[in-house]
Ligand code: HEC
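Here's a solo chain for you in structure tokens, the form predicted on its own.
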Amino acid sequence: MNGISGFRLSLVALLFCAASQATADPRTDYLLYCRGCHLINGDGVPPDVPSLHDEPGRLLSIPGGREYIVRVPGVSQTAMTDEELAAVLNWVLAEFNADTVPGDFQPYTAKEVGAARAKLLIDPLKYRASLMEKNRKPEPDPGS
């Protein structure tokens, strides 16, 4: 092996090791794993893909809503690790939901994400509707 070939081989090995050690930041992971459906700015594609603006923050205030966010199939079945997914969820909430996240919000943890991912959600729209119905405030009686 001559000096040039040895240098190239060492460079390739170095780049491979660096790439395997590198971790993306949450914004980059969002762009890699989520923007295909939710677009670069968090917008949805109605009626099938909801916007990531404001509504996820509101869901955090509803019992079961926090776990629901993780269990949505596109979220729970992503190739991201639990740590990466927790970071992306926290980034999405900070980036697109700052006005609707409850004041006592605690960031998602990898452990919490892993536990929620283990519970398959078969019909996310039906489940979300049931969450909303259970937590709907009754309308005031106009006759009183």
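Residue numbers run from 1 along the displayed sequence. Every value quoted in this text rests on a predicted model; they were computed, and no experiment measured them.
Although not depicted, the form predicted together with the named molecule is the subject of the following passage.
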* Asked: Is there any non-hydrogen atom of P26 lying within 4.5 Å of the named molecule in the model of the complex?
  -> no
* To do: Using the partner position in the model of the complex, report whether A115 sits within 4.5 Å of the named molecule, counting heavy atoms only.
  => no
* Asked: Is D48 close to the named molecule in the model of the complex, meaning a heavy atom pair under 4.5 Å apart or at it?
  -> yes
* To do: Would you check, heavy atoms only and a 4.5 Å threshold, whether T81 touches the named molecule in the model of the complex?
  => no
* Stretch 66-100 - residues with a heavy atom within 4.5 Å of the named molecule in the model of the complex -> Y68, I69, V72, P73, G74, V75, T78, M80, L85, V88, L89, V92
